[in-house]
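Okay, here we've got a single chain as structure tokens, the form predicted on its own, with questions on binding and movement later.
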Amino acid sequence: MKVLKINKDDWANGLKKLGESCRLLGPLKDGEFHNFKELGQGELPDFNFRNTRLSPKSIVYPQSEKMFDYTLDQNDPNHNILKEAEKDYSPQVVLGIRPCDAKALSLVKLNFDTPEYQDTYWLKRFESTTLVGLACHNPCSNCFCTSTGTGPFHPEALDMLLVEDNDQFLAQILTEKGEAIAKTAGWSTEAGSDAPAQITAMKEAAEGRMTSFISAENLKNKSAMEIYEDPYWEDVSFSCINCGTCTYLCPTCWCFDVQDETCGNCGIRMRNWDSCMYPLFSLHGSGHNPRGQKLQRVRQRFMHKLKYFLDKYDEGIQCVGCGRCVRYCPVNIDIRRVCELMNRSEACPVTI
């Protein structure tokens, strides 16, 4: 694996060159929080953060996206015909994405790129995106990424991983995309032979600072109905207010709704994020709602994350341990605690 050395004095000049051929996105201070935004000319990403409040999934999967245009004007030869809206799939580079958020995209891809169905909107945007990760030296107290198949320095799904080292970045080149942007930016100085060992030492130090963990080793072999019918769901869901914060902040949530919006004779068909926490999410056209009660919706969320996804794809649980839902839930529902309940053995009952 090639490791380059990028002096921070050369960082801005490299990004300037890179920005001439593609869009650059990165974390910027947004009020009290950092969020990913497109960088303006001469603007640098702000790496002085632990993690963004919103996950960067909207870079590939916009919160609202126009899919089609149509007209209801009977005098227009194209009336009542859906015409696909123009899309911008030009190359873009995401700078400073955390390894857990990059791993989340690979989990979401399992749903949007199957042998039977491919979501072309998601896939084209994903394929046009290069992910430059930023290693996490000081994980948040709510993070538990090492328990979910990722970690503070995890390279999976990244094209390049930046490791901050005083006045320089050590850049691990992981894919051809990563090689290409390094060449475009003019980053070509190879780090010394001791760089891999140095990165490994920093990785182990960061993982040693992790204080939060979960266990999910029993979930695969437990029956879904056994978990579904467990008695603790009423207690788990009691305080939930169905606000949807957990699903909107989560980097692996992918649920959406498709709506037509018409004004006069003009209309658009849009795809918008949706949440399984909302009462209307599973409402049938007949008026029947199979998850009309709060308990049923909360149970569905955790069953999908921790059991259904695991059973369907056999790629671990649908969680990367970023801790956002733990930090921002207004009523302190904690996925770590729920996972403990679901994972428990009958010999060691756990009460909530």
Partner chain sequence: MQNPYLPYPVRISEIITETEDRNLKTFKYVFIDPEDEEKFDYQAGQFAELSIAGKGEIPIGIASSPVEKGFLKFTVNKVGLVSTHLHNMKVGDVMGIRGPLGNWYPWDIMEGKNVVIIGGGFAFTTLRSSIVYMLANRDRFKEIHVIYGARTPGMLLYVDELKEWEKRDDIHMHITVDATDDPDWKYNKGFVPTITDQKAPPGTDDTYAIICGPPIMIKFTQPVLEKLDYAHDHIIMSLENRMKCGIGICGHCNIGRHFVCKDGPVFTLNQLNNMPKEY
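As the structure is a prediction and not an experimental result, all values here were calculated from the model. Numbering follows the first chain given and starts at 1.
The protein also exists as the form predicted in complex with its partner chain; that form is not presented, and the subsequent description refers to it.
**Q** Looking at 140-148, 176-184, 277-285, 160-168, which stretch has residues with any non-hydrogen atom within 4.5 Å of its partner chain in the predicted complex?
**A** Of the options, only 277-285 has residues within 4.5 Å of the partner.
**Q** Closest heavy atom of N111 to its partner chain in the predicted complex, within 4.5 Å or not?
**A** The answer is yes: N111 has a heavy atom within 4.5 Å of its partner chain.
**Q** Tell me, yes or no, whether E86 is in contact with its partner chain in the predicted complex, where a contact means a heavy atom of each within 4.5 Å.
**A** It does not: once its partner chain is placed as it appears in the predicted complex, E86 has no heavy atom within 4.5 Å of it.
**Q** May I ask you to state whether R291 is within 4.5 Å of its partner chain in the predicted complex, using heavy atom distances?
**A** The answer is yes: R291 has a heavy atom within 4.5 Å of its partner chain.
**Q** Consider K312 of the chain shown here, and say whether it contacts its partner chain in the predicted complex, taking contact as heavy atoms within 4.5 Å.
**A** Taking the distances in the predicted complex, the answer for K312 is yes, it comes within 4.5 Å of its partner chain.
**Q** Honest question, do H79, L82 and E116 all end up within 4.5 Å of its partner chain in the predicted complex by heavy atom distance?
**A** All of them do, each having a heavy atom within 4.5 Å of the partner.
**Q** Among Y248, W233, F153, W254, which has at least one heavy atom within 4.5 Å of its partner chain in the predicted complex?
**A** For this set of options, the contacting one is W254.
**Q** Does any residue in 244-274 get within 4.5 Å of its partner chain in the predicted complex, counting heavy atoms only, and if so which ones?
**A** In sequence order, W254, C255, F256, D257, V258, Q259, D260, T262, R269, R271, D274 come within 4.5 Å of the partner.
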